[in-house]
Structures are given as C-alpha cells and as structure tokens.
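Taking the form predicted on its own, here's one chain by itself in structure tokens.
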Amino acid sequence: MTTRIDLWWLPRAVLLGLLAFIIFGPLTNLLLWTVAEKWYFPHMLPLDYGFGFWQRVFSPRGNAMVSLGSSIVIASLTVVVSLALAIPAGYALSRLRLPFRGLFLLAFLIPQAFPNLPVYVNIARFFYQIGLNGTIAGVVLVHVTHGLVYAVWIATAAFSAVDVDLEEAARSIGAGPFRAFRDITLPLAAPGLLASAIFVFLESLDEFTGTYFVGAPDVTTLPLLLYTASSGGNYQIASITALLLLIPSIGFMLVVERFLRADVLSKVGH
C-alpha cells in the first residue's frame, strides 16, 4: 500500500515528460540544425558547431532577405484586403438581422472544406489566362481566400461584443451612423480586429501551396525557400528558414493572447 502511494506521481511524470518531448523535441532538433556545421548518422549530436550556414542564408546569393521581404509585403497586403472586406461584413453580420446569417458565416469556411491542391491548380490555370499567375497580386488574392475565414469570423465576434446601447447613446446626442461607428464601435472592437489581422498575417506568412502554384517561380517567399532547401537535403538552411518563420509566429501569438478577450471569443459563431 505504501509503495502505491509513493508512486502515484509516476504516471503524471511520464505523461508530462512525453508531452514535453513532443513539444520541445522537434524545436530542440530544429535549433541544433541551425548551428550544425557537420552532423550525420549515427551521431546523436552535431560533430561541429558554427554559424557558417547563417552567413550563407543572409548572403546576397542566399535569397533569404528577398524572400522575407516578399513574404512580409504579401502578408501585409493580405491583411489590408481581408480587413477591408471583413470590417463591413463583420459589422453587418453582427448588427443587421440578415436572413440566413449562419449560412453566410459558413460560406467563408468553404475554402477550408475542400482539398487545397485541386483548388489551387484550377486557380493557377485561371490566373494564367488573365495574367495574374506569377504576380504578387495573384498570390495576395489566393491568400485572401483563406484569410477571410479568420478576418470575418473574428470581426463579427468583435463587433458583437460591443454593446449596441453605446452606439444608440452616441446617436441620441447627435452623432451620425458613420461617426458613431468611427468613434465608438470601431475603437472598442479594435483589439479583436487586431487579433484578426495577426491571424491573417500569420496564415499568409506560412502559406505554401497557393504561393507555389500561383506565384512560383517569379514570386519567392520564405515557405518556398524552406521547401527548396529541405527537398534538396540542406537541412541547415531549411532549419534556419523555419526559425525565421517561427519567431514572428510566437511573438504575434503572444499579442493575440493578450488582445483577444474572452468576451470576444464567446461571440465567435453566435
């Protein structure tokens, strides 16, 4: 009996250890590859450490800075276009008694409901006919189709979390509809809209399939550079590129956790 009581913590410790390995094991392996100058089987750790591959990645011939710049430009434009569509759509879906409101919200999930590969192949074929294939504008439009899922749903939740009485109070003292929206509703919904923008930005920053079929080889982003390096067996450069993608993702998710309030989350889908 005493032995059982003393070992009650063992299953929890094993479970926590397994969970930590699942989460931090791949990250540790990634970090090791970023500084591994020489590493091959059967050695468990790199034989030589250094930053030689970092210099190759950030050299003019490494194409990393150009790819990073393209990724940031495309993600920023995707955010602008997505929010320009999501803010009026989210406000209308949260304030107006629209028929089939639930179906409108579900419609924005359609791009996620089908396999991406056949969809992007057909989009690439259509964009080639109208001259958008291999352009930043074409890549942005593809990214927007996925970004709208986050943008519209979170914008709708953010506006739903703003009390209608505040708008009516502003209207009662002479403010017009647009001024009440600009001065009252929009600032109060801003944290949710900021979180929406971050989700869209990260989705665009990590998007590979759509960029590959619509943009390559004329438009190169970090995910495309990561794919090229990993398919060529250059795990150091692939790991460094993956780390460059990971850093903004972690930073922005911390911002989302701070600004996306519980009252906004409770309104998602309502």
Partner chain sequence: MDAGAFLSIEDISVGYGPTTVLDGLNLAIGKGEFVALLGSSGCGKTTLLRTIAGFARPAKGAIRVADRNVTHLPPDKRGMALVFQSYALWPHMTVTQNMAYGLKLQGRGRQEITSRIGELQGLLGLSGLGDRKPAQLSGGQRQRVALGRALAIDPEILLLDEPLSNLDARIRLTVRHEIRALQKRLGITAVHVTHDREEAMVMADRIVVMNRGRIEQQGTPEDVYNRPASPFVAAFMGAENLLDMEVSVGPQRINLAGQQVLAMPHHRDLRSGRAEIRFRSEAATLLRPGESPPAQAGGLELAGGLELTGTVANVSYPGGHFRHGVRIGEREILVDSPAPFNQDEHVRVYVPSSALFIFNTSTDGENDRQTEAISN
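Numbering follows the first chain given and starts at 1. In this text the structure is predicted, and so the values were computed from the model without any measurement.
Below, we turn to the form predicted together with the partner chain, even though it does not appear here.
- None of Ala84, Val121, Leu188, Ile72 but one reaches within 4.5 angstroms of the partner chain in the model of the complex through a heavy atom, and that residue is Leu188.
- The listed set Val149, Ala170, Leu77, Ile198 contains one residue whose heavy atoms approach the partner chain in the model of the complex to within 4.5 Å, identified as Ala170.
- Although the partner is absent here, Gly176 lies within 4.5 Å of the partner chain in the model of the complex, judged by heavy atoms.
- Contact check for Leu141: every heavy atom lies farther than 4.5 Å from the partner chain in the model of the complex.
- Interface membership of Leu105, defined by any non-hydrogen atom within 4.5 Å of the partner chain in the model of the complex, is ruled out.
- Interface membership of Leu194, defined by any non-hydrogen atom within 4.5 Å of the partner chain in the model of the complex, is ruled out.
- With the partner left out here, the partner chain still marks one of 131-139, 176-184, 152-160, 88-96 in the model of the complex; by a 4.5 Å heavy atom cut-off that stretch is 176-184.
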